[in-house]
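Next up is one chain by itself, shown in structure tokens, the form predicted on its own.
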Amino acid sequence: MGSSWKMMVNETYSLLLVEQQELESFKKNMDDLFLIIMGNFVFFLQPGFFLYESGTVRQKNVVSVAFRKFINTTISSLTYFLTGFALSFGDGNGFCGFQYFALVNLPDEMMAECFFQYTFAAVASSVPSGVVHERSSTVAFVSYTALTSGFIYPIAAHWVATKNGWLSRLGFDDFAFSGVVHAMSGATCLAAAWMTGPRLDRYQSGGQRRVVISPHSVPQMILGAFVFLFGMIAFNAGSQGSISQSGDGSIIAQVTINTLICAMTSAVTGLIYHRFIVDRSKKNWNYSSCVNGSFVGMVAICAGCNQFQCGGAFALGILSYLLYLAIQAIVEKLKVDDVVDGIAIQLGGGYAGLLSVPLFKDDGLLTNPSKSSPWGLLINAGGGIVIMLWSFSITILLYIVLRYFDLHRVSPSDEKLGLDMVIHKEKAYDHTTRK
């Protein structure tokens, strides 16, 4: 009798052990599926970039934008899988990782994470191309895309997102990479636009008068903005990294709501600012201010969307737009030509997001301050500056080489004709009547 009872207990334990293993396997599969789905939504930001940027440029450069957005995906995927993931998330020291180059020996259970992290690298490398459209050379485009996705971004990501990263050890807090992706990209944009120089017809009267160059398709820009919002919700929600753990669902819901609140608050702030301050005499509602405001809010909320109450997201939407306006004014004062306003959006939104975390989180300086709150503000403020300086300096070094060999931009005659006919020998729109 005792022997039978013991066997029954052992069998029950074995069954429970098997069920526990199956449950853990199921949870892992759900987490991987979550990352793959979110990663695909983030990946969909690439057509969003194309729609917005191709609508912003003139008709003679639309094919060039389409080509560069698709080639960005090609280059960024290859360089990130070759060196980027290893530098970001391979075992290493406080500066970078040394494992998984070319994905060699990458465990199967890390494949989903690798794909999801790649989509962030693709965003980081895609942003700079927008600011230098209509005059940047193909060589320059390929160079900064490969360098950003394969080296600049991965190093910064390692500093922040790994337990060995030096900023991570200091307490740097950047949940969905307001600093690592966006502020970093903004610094790259600033360096690229400054070193490339403005478009030929951007300034007149010896550079004293700034000429407005109108976009060729407002509907494309608006559609691109909707795609951005769709992708950025996944960008932030996917940063949770899992869906199977206790509390994951609540955090993801919080992230989603905060992303919408901050983006829409910033959009309304921009709309009101231009209607009642900038364009008060015209009495018009400016679409671009609303769209750019939403972009600023999407960027800013990334850092703390998992920690803010709704009021914090609302306040950040307003404050981030104000910082965006300040940086936009500085960029225009310096006569840096930015086709898509990406410098002010990424720098202003990204850095505002970093500063907001130690201010608005549950134990922040403005909510429930503690002894550690000032340290958090110091680390996020200083760490953000270091990340931006890192990106800016490496990009400047690249452009020094490109300028030395006169490879940084196309010739004046090619720029006037348009990159579509010069580089691609085709037009985006054929308006001729065919019989």
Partner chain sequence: MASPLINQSDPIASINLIHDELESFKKNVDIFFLVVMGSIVFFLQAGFAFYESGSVRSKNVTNVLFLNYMDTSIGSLFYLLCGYALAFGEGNGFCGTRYFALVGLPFDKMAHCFFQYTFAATATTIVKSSLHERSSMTAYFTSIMLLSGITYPIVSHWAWSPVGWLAQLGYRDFAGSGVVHAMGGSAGLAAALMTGPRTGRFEKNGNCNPIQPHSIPQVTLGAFIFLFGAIAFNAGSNLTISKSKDGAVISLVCLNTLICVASATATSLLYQRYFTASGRTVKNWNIVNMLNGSFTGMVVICAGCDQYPPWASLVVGCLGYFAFLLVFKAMQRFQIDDATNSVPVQLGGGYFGVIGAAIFGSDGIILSPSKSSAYVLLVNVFGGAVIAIFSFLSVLFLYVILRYFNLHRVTEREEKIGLDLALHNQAAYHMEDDKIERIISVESISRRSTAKVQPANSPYRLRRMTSEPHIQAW
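Bear in mind that the values here come from a model prediction, so they are computed numbers and not experimental data. Positions refer to the first chain, counted from 1.
The form predicted in complex with the partner chain is left out here; the points below concern that form.
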The chain here is shown without the partner chain. Which stretch in 23-31, 366-374, 404-412, 389-397 comes within 4.5 angstroms of it in the predicted bound form, by heavy atom distance?
23-31
Is it the case that Thr56, even though its partner is missing from this view, gets within 4.5 Å of the partner chain in the predicted bound form, heavy atoms only?
no
Indicate whether the partner chain has at least one heavy atom within 4.5 Å of a heavy atom of Tyr118 in the predicted bound form.
yes
Does Ala193 reach the partner chain in the predicted bound form, with heavy atoms at most 4.5 Å apart?
no
Contact with the partner chain in the predicted bound form for Phe81, defined as at least one heavy atom pair within 4.5 Å: yes or no?
yes
Restricting to 23-58, the residues within 4.5 Å of the partner chain in the predicted bound form through any heavy atom are Leu23, Ser25, Phe26, Asn29, Met30, Asp32, Leu33, Ile36, Ile37, Asn40, Phe41, Phe43, Phe44, Gln46, Pro47, Phe50, Leu51, Ser54, Arg58
